[in-house]
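The chain that follows stands alone, in the form predicted alone, written as structure tokens.
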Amino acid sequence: MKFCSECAAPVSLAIPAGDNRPRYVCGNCATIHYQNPKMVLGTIPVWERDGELKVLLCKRAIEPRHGYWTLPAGFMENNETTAEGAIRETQEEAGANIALGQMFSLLNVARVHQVHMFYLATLLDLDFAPGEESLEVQLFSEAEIPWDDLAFPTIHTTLELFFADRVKIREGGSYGFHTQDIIRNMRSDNSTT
């Protein structure tokens, strides 16, 4: 940040009185500019028929990670709840009609100043299509998930947790609520590890 959004004067990093972290502070009007993590909201949309469960994934049409697969998700907008944001992102990226379930995972990605939250969701029909930010959308069984072509560590982690909970459900358990700190970096496009 270089300029104050209130008066357009230059800002500098300083620790304001009563605070313990550097903040951008305007030397002209004394406005303190707090910068907080961004919320990323999404769903795990599933279709289950005749005992077979599939998850809807989107192939990204935008950077970062163009051409990689992801769950439908994106940044929270002002004036919406986390649930509303998750539904909106699922409609925008996958054109999918869903019934939203419980929150499933909350993943802290501190190195990029983000918190990712995913809700369970059931597809109401098979009338889905890629939105502007998706090249294609497709249903995958657990065995078909393109694990090596997933866009982000949060997607990989959420899907691993989801399928682990599916095993518990078959044994009479239920879905859990999962929290984790994601500290691993994304693989580069030319990485073989």
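Note that this is a predicted model, so its numbers are computed, not measured. Residue numbers run from 1 along the displayed sequence.
There is also a form predicted together with another copy of the chain; it is not shown, and the following applies to it.
For the options 64, 67, 27, 37, the residue carrying a heavy atom within 4.5 angstroms of another copy of the chain in the predicted complex is 37. With a 4.5 Å cutoff on heavy atoms, residue 132 counts as touching another copy of the chain in the predicted complex. The closest non-hydrogen atom of residue 110 lies within 4.5 Å of another copy of the chain in the predicted complex. Contact check for residue 21: a heavy atom falls within 4.5 Å of another copy of the chain in the predicted complex. Using a 4.5 angstroms limit between non-hydrogen atoms, residue 106 touches another copy of the chain in the predicted complex. Contact check at 4.5 Å (heavy atoms) against another copy of the chain in the predicted complex: none of 50, 60 and 141 pass. Residues of 66-90 placing a heavy atom within 4.5 Å of another copy of the chain in the predicted complex, in sequence order: 75, 76, 77, 78, 79, 80, 81, 82, 88.
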